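There is one chain below, alone, in structure tokens, taken in the form predicted alone.
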Amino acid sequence: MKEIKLFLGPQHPGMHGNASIHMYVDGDIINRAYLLPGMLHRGFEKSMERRTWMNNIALIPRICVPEPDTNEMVFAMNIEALANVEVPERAHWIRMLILELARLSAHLMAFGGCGGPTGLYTAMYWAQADRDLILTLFEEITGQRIYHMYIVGGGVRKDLPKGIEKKILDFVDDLERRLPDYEDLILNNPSILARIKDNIMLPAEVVWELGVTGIGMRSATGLEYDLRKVTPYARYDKVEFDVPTATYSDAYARLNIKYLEMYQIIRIIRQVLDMMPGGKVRAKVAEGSALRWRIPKGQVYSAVEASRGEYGYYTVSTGETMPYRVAVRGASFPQGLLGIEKYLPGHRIDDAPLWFDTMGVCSPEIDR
């Protein structure tokens, strides 16, 4: 029995997300690895083709639980492109606010998530506590903590509640003041550095081979490729922010970029709250019942910059009340499935959860 088979996840405390990695190991070295992602939500694309356009708004956030709002945004963008709907100006800015809060929440989960597989539980507790404060803000804005169903075709479901702007600013001010504590606790921690520095590499040639986008690409190539700047949506062309990059693609570089991006997210949120105009938040999109809304014939692909990279939907409409075809471009598919099978072998067993964490893998968008 020189080679044995081990299962990491989905219940293992060091595993990120509802997935299982089947590993064939020799000692503590992985010889072969295969991902089984369908441990929770799956089969979204076919399910969407059997639901009305409006009913899908309640389904799609589940494709990525830590950052559900990107699904709402991309689906709404496709509806608006097919139906030629003009989104009110205020709705664009509210969407940016929601997307950046969701990105901040996802980065906190990933940044603190390295605490589980390394035994640094303080990091996990800190990050989850701060993320919970963001979920409280989401609950006040949308009525829901996790799945918000807030960004819809034509704008957003309802306007911001009175006084929420001050609560958001108070939170981001407090978080920014404490971010250096995160840096000292995690990025400057000798025990963490021993696990992530010069380890779990994702070199540029692998990025191009697999089609990795987002932080994985920016940490390996030094390219400032961010869809919020390259092909701006909402009103990202009206705000100023930097795109952190690196040219040495170890786990430390990816985690450090997540840390630097949190400062940029806070910077964007402040600008959005300062520049947000008044007015309507949703355009009229359907005559009569929205559940019988027929989207004109056509096909469209839209994408946004999720915390994991390019996140896109390809949608085909035949003019009926339900989509004819929907294909989801999961941002973590390349590094989460292909990367694990091809490049996780050779690493140690305890590197597998750190691969998931620093690569930014959301398993339902793989088995979708």
Partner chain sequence: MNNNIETFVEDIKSKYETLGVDIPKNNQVSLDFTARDIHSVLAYAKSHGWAQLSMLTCVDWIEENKLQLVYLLFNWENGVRLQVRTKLDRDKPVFSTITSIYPGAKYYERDVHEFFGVEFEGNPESYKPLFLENWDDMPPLLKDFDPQAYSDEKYPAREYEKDFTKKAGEK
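Residue numbers count along the first chain shown, from 1. Computed from a predicted structure; not experimentally measured.
Only in words, not in the display: the form predicted together with the partner chain, which the text now covers.
Visitor: Check for me whether the partner chain, as it appears in the predicted bound form, comes within 4.5 angstroms of all of Pro37, Val230 and Ile366 - heavy atoms only.
Guide: Judged in the predicted bound form, Pro37, Val230 and Ile366 all sit within 4.5 Å of the partner chain.
Visitor: Look at the stretches 267-275, 108-116, 238-246, 217-225 and give the one with heavy atoms within 4.5 Å of the partner chain in the predicted bound form.
Guide: It is 217-225 that comes within 4.5 Å of the partner.
Visitor: Is Ser302 one of the residues lying within 4.5 Å of the partner chain in the predicted bound form, judged by heavy atom distances?
Guide: Because a heavy atom of Ser302 falls inside 4.5 Å of the partner chain in the predicted bound form, the answer is yes.
Visitor: With the partner left out of view, is Asn71 within 4.5 angstroms of the partner chain in the predicted bound form by any non-hydrogen atom?
Guide: Asn71: no contact with the partner chain in the predicted bound form.
Visitor: Could you tell me if Ala327 has a non-hydrogen atom within 4.5 Å of the partner chain in the predicted bound form?
Guide: Yes, contact at 4.5 Å.
Visitor: With the cut-off set at 4.5 Å between non-hydrogen atoms, does Glu209 touch the partner chain in the predicted bound form?
Guide: Answer yes; at least one heavy atom of Glu209 falls within 4.5 Å of the partner chain in the predicted bound form.
Visitor: Though the partner is not shown here, which residues of 308-345 have a heavy atom within 4.5 Å of the partner chain in the predicted bound form?
Guide: Sequence-ordered list: Glu310, Tyr314, Val316, Thr318, Tyr324, Arg325, Ala327, Val328, Arg329, Phe333, Pro334, Leu337, Leu338, Glu341.
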